[in-house]
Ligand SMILES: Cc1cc2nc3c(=O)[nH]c(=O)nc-3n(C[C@H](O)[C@H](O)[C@H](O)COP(=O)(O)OP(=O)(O)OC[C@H]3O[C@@H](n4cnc5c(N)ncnc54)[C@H](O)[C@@H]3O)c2cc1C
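Next comes just one chain, in structure tokens: the form predicted alone.
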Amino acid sequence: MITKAFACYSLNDEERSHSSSGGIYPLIAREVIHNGGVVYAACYDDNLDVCHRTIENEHEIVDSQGSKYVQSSLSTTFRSIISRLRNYESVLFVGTPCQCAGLVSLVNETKTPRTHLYVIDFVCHGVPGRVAWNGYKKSKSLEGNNIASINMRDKSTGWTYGNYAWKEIMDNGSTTVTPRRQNPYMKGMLANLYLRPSCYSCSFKGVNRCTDITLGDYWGVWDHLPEMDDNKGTSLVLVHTEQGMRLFEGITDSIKIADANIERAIKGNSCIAESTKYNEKREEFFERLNKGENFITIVDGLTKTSLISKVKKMMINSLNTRGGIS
């Protein structure tokens, strides 16, 4: 099957508000669970570390929604999946492209039937490891701010043109919502300051993948398909297999959908096809962090831009908001 591309979003605004883009994942997860299957997806634990968890109840799906820019611990996830597949149980696994490729490779090597396995990856910028995330949490704690809950892709400030925010709820009940490029952790991640080494030369980019479906943000949809943009998030869905298409067709009554152009989608979200660029300050970042320097102080210093760069960025953002760049 040739990969087919769609722009779409869930008709359930409440559920969509908890998702990073169009709210397609929870609909697919619910479809699998309703048909007797289980879902494996990334969730936060009590320490706000990210790990893959088994989801067997649709009410637990919300725990796995939203982007989590931290490497997820898989632990015994693959072993559990293989066991379920050999018992002819339906399984949906959602993970980074490299995690999905690892699972598919293991399934093939162990000659495990894939008939009941659905694999979904997402358009990946690159993943920070847990060392950077722990450094950020420690810095916040030293400020007297212990994070109780987090949303790295809050859409209360909007979604179009990437105007999402970073939301933190502290253990004292206070809440902060910060524009994404003003939050130190997001600022460092977008600068590629502490991604995992393999992310700078990712082997799993491109349109044709080993997964059934790829999910991502449809950046640029406001220009290509303006009727599909209401500032609440629009998903790009790439369907790679017949099995993936059957799964996707099971949710079409619950979404608004339009055919998409893959080439245009890649223009708006280059991470589909290209690895992120290596930041030469990465080694300095980890050297200083490992010596005990404050995470936020390091990131602020290493991502500081000159006045000329700031003016250029403001001009580019101005053109973007006027639709001058697709």
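Note that residue numbering follows the sequence shown and begins at 1. Everything numeric here is computed off the predicted structure, so don't read it as measured data.
Keep in mind that the form predicted in complex with the ligand is missing from the display, and what follows is about it.
- Across the options 60 to 68, 297 to 305, 254 to 262, 277 to 285, residues that bring heavy atoms within 4.5 Å of the ligand in the predicted bound form belong to 60 to 68.
- For residue 222, no non-hydrogen atom is located within 4.5 Å of the ligand in the predicted bound form, even though that partner is not displayed.
- Interface membership of residue 216, defined by any non-hydrogen atom within 4.5 Å of the ligand in the predicted bound form, is confirmed.
- Among residues of the shown chain, residue 185 is not one whose heavy atoms approach the ligand to within 4.5 Å in the predicted bound form.
- Taking the partner from the other structure, the ligand in the predicted bound form has no heavy atom within 4.5 Å of any heavy atom of residue 137.
- By the 4.5 Å heavy atom rule, the three marked residues 25, 52 and 153 all count as contacting the ligand in the predicted bound form.
- The single contact residue among 94, 238, 103, 91, judged by any heavy atom lying within 4.5 Å of the ligand in the predicted bound form, is 94.
- None of 127, 193, 107, 247 but one reaches within 4.5 angstroms of the ligand in the predicted bound form through a heavy atom, and that residue is 127.
- Contacts with the ligand in the predicted bound form, taken as any heavy atom within 4.5 Å, map within 5 to 22 to 19, 20, 21, 22.
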